[in-house]
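Quick heads-up: it's one chain on its own, the form predicted on its own, in structure tokens.
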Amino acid sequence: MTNALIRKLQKFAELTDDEKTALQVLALGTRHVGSRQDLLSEGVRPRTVLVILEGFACRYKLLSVGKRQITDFLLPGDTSDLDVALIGALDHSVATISPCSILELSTAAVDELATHHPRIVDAMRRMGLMEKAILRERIVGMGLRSADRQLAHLLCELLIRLQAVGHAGSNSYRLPLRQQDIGDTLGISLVHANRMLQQLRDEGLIGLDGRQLVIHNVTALMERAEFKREYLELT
């Protein structure tokens, strides 16, 4: 049930069998949520920590005019805010992109882990540091990279993150994002997102077969994006 989370955590700490069992015991259980559904809403106080076990979700902000900015993607093994007990009300929303399998940890469960299994919580906090590094890269990209390089960078980042939890091959993975999702992530229009995808395809760097993305030349795409993977390897 917690395989994706354990695999992610073990990038930051080698968990013992007792620690793995503790995660299984303390979990409130899993639930399945369809695509395009809100999991947490801005302005509401969260009661649990959510763990994505399968599927894609995202954090986003919505302006009064209806425009959306996706700030990050939550992939298998990723969690919502760990310090849930310290949060008065969320300043963002969390929603599924694709159908998701989700595990929940109560605040009491997080306290139990912190008391009896501090290495687990330490690993979760290291995951949080990586999320901050991802956000910094996104800000730099929107400020300094051209749209095609932003897109190339995003596709490289998703490849490395999904490989880390066994959800991507050496050069391919399932990409459930719509062009609007890409536009809302990069801060560009749907039309511009479509054009940038087509540009990378025309250059032979990527291919799309339905929802399956294939990167024909990973090295070339990384060079195009000026992608440096160290920010994803805060082990």
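One-based numbering along the sequence shown. Keep in mind that what you see is a predicted model, and the values were worked out from it rather than measured.
Form predicted together with another copy of the chain: not shown, discussed below.
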Of these, L162, A147, A133, A109, which has a heavy atom no more than 4.5 Å from another copy of the chain in the predicted bound form? A133
The listed residue (R201, K61, R174, R195) that reaches within 4.5 Å of another copy of the chain in the predicted bound form by any heavy atom is K61
Using a 4.5 Å heavy atom cut-off, state whether R68 contacts another copy of the chain in the predicted bound form. yes
Is P99 a contact residue for another copy of the chain in the predicted bound form, using a 4.5 Å heavy atom cut-off? no
Wondering, does G187 line up within 4.5 Å of another copy of the chain in the predicted bound form on heavy atoms? yes
With heavy atoms only and a cut-off of 4.5 Å, decide whether E137 touches another copy of the chain in the predicted bound form. yes
Out of 87-114, which residues reach within 4.5 Å of another copy of the chain in the predicted bound form, heavy atoms considered? I87, G88, A89, D91, H92
